[in-house]
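Two forms, one protein chain; structure tokens for each follow separately as structure 1 and structure 2.
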Structure 1
Amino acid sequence: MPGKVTLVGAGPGDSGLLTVKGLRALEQAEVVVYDRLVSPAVLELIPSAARRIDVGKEASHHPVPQDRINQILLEEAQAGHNVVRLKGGDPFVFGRGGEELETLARGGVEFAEVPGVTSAIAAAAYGGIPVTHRDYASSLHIVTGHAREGAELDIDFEALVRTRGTLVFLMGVTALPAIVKGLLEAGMNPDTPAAMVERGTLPGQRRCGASLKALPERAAEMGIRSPALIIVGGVCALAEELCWFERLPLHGKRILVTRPRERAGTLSEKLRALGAEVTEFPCIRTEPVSPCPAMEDTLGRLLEYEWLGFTSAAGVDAFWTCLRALGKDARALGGVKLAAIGPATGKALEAHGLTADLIPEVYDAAHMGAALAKAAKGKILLLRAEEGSPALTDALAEAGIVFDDVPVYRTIYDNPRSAELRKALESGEFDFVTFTSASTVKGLVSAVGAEADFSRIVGLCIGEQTAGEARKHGIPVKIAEKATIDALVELAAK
């Protein structure tokens, strides 16, 4: 089978701005060739089975020259692979996408192009600048500020000034003084509103606004660096009022999420939606106890129990897998009542068409124990972690309730030591670290070493028990009002 190359615009950085068609192409890719401008968030969407080739270009030196990139695309396709060529923004807006396709066309390779959201429009938009507006501009001009080595800028400034439209310069950070000089000499009003948007649409986005004449000085003060847009025109005056992205409550905050990989998604998404820069570090994982004769035995005589208690989604998963393996389904539960420690565990039950009859008011082991002790008349079966909290079983024992406590999954701390993460934590690179259980604290500590200095992080803890574990290691803590992901997110945004 002959291969194929799909040139895909990755958008300006925010992975939500990758097109649906681009994402589908990426999901089918066997080989992905990508640039420096493609953001980590988009790179995360590359399937793990695909081979990645980084041809990222640095501003001054070019590790992989364009000719070689063209060659790589040709060779990979000719070897029969389904290749995606990922490029920042739109591939045809100063992306040399045309040159790459010419090579493929001449080499007789099948190709397609998926346009992307260009930074020229999107980074401006995230900076609160609509590139056109009936009151300010009736045309938009996208210009490169990059000059060929040793050459002067080749821009017809007089023609640009005459358009009275919005001017957007890409690759213009180095040439900023020359661009401003060119516009002023061509007669543009020195008080024309202007702006720069650095790392637009990304969590670390910064904007700098000034009059045209003051822009170079202002940009230098802020230390604006590539990648950044230069935007010139009346529309820039709207930014102060419209800069919605910078106003998100977690804009500019860096947060480390330590949940197990399969459960990190919702927390990370919610934090990102509020503007945070999230790094996921799944420092624990759970593994079902398998084989689990104790669970098989109790599931064989489920109807002996009045209540079945779950303290996590992992417990529900282990239960369901075992039930199915025994050839049974939800009917095996008959009238057995279900208790869940909190809404997330309740939701895990809902996924199997089961509704929790009891969720304690406060989502922790002690309150679940107290609530069950009050509600139960018969026997209780607890399906939970190997090292489940004694607060639950103590409450039941005290009330004289009969129960079986069956460990159905265990927490594994098998992270390789990360010196890099330790350095990041010790140097205060993260504003917050989220802890959704005491075991995530233990997992992080095991990954960076107990001797590390944790005093510069703030641990956002889901509850008292988790906070207690964090304090043991000298981690300053804040505790969520309720033991839910939403409350944890609220705590971050407070």
Structure 2
Amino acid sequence: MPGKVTLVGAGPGDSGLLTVKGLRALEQAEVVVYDRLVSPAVLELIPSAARRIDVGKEASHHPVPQDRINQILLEEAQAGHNVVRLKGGDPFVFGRGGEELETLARGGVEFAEVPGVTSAIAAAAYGGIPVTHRDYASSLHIVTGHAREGAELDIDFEALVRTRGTLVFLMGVTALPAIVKGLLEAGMNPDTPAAMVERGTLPGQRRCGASLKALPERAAEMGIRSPALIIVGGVCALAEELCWFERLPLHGKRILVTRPRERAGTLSEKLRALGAEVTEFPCIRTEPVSPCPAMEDTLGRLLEYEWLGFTSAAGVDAFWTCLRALGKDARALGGVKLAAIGPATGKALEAHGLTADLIPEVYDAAHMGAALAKAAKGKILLLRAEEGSPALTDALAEAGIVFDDVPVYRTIYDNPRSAELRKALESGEFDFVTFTSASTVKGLVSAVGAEADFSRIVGLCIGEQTAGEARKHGIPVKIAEKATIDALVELAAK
């Protein structure tokens, strides 16, 4: 069957600005062809099974020429693949998207275009600059600041000045002096407010504000680099009052999230909402013990137990999968009481219509063991990891409680980007690394090597046991007040 190409605008960088339709197309992609302006946060949304083709381009450096990109899209579609062409911003706003679709149309390939949020509006908004305002500008003009190599800018500056509207120049960092010169020579007031927004909508965003005549000097002082846009007009005077994004508590902070991929989303979203630049690096993954005759045996005689204890959502998932495979449902629990180590595990139970009868005040193995030892009169079944913390079983044994400790899932430590991560950690690229369990600490150390220098990061730990594991490897730590994701986020923002 012939394939299809969907041209998707990835937006200006913030993954939350990717449209719903764009995300749906991405989730169904078999091949994704992407540019350098697509942010890492958006690239993380690419399905793991999809093949990635990086055709990144930047000014004066085109690793893959445009003609070759056009042919790649044609060849992949003709091979029967569902292709997503992912482009920063909007593909039809100086993105050469039209040229790519022309090639596909001539090749008889089916295609569609999903518009993206253009940086011309979004980056300005994140910089506190409304591109139109009744008191300042009633029109918006988007202009390319990029000229073909060796050619001069082909811009009618006099026409632009006559509009008296807001002017936004994309891809104009290199041409900034020429743009300012052209506007001034065309009669624009040298004191007209102007600005540049670098890496707009991303946590590393910087805004450079000045009068039009002073903008080149100010941008040079700040070292403004591409990608950045130039905004000229009275609306730029509002930036100091309206720049909400740069006031977020975690703006500019770089945070590494080490949770398993399937659990990372909530933490990453909360950190990004506060302005952090989040890199997800799942150092561990969990997989159920399968087959698991020990669990099948205990589930066949569940009513022998007074309590069933879970120390993670992974344990809950393994339990429920096994229960359903045996042809049973929640009725098999009868009067068995349920214990969860914390709210997240409690929510995993709630997803199956179950409610935890016990959650300890402090969400760790030792306190769960103490709480169960105090509450239990009968036998306890623990369904947890192969390397579960001994603090839980030690507390039960000390209290003389009879229990069965059944490993139902294992933790796997692996990540193919280990060398890349080690370099980033040792060069101080991250301000914080989040650890939601001792396993995530072990996973990070396993990934980059125990001999790595961890002194340049601060580990944000969800509890004392997790912090203890981090200290073993020389990682400076801060500990959340409670063992919850929200408390961990609050710790990062302090």
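Rigid core (definition): largest C-alpha set, two forms, superposition within 1.5 Å. Being a predicted model, the structure only gives us computed values, none of them experimental. Numbering runs along the sequence of structure 1, starting at 1.
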Number of the structure representing the form predicted alone: 2
Motion between structures 1 and 2 between rigid parts - which of 114, 248, 302, 208 is the hinge: 248
How far the smaller rigid part rotates between structures 1 and 2, stated in whole degrees, is 9
Value in Å for the CA shift of residue 102 between structures 1 and 2, taken after the core is superposed: 4.2
